[in-house]
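A lone chain, given as structure tokens: the form predicted alone.
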């Protein structure tokens, strides 16, 4: 019985994710989510009473999985360049596992960013800690002096961009060749690491 419950909840979350990605929070309807999940609306409401609770459940699951891993990498007692490479690998892996995230987040930021901000705050993500770690790496002479905010934004944007504009890249550059697109994304983390680390690391 427990296994069946878990399977139904997983089906609902997957269906909701698909509907939210295509329709956004405002355009999504509970009946449409129920149809996508192959269940009736009453059962959907038994698990999740509102779209908002579904939204929270989807993003909580992703954030709960990703953020502790990021925090552990940043807090490791290794040199900053090593941690930077590990962070890029972990961040890109999260995007490969959840490629819907960038587009959905952009939609929701334009609609109402407060819900996303609350979820991020709930899991204790602290950008000040990250910026401080970058400052300390500069003080130790591991990386070049810079505004740490630029490094954070450069890394995130280089990882996120191919997913945020994937349909455009797929059409214009890869001509709907899904295998070529997948191969490109597979190469991307190493390309980003080399580009970023070569540009910021101070050779000892």
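All of these numbers come straight from a predicted model, not from anything done at the bench. Numbering follows the first chain given and starts at 1.
Keep in mind that the form predicted together with another copy of the chain is missing from the display, and what follows is about it.
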| query | another copy of the chain isn't shown here, but in the predicted complex which of 151, 137, 39, 30 has a heavy atom within 4.5 Å of it? | reply | 151
| said: I'd like to know whether residue 178 contacts another copy of the chain in the predicted complex, with contact meaning heavy atoms within 4.5 angstroms. | reply: no
| said: If we define contact as a non-hydrogen atom of the residue within 4.5 angstroms of the partner, is residue 106 a contact of another copy of the chain in the predicted complex? | reply: yes
| Hey, in the predicted complex, does residue 62 get a heavy atom within 4.5 angstroms of another copy of the chain? | no
| residue 78: touches another copy of the chain in the predicted complex, heavy atom cutoff 4.5 angstroms | no
| query | Across 13-30, which residues bring a heavy atom to within 4.5 Å of another copy of the chain in the predicted complex? | reply | 22, 23, 26, 27
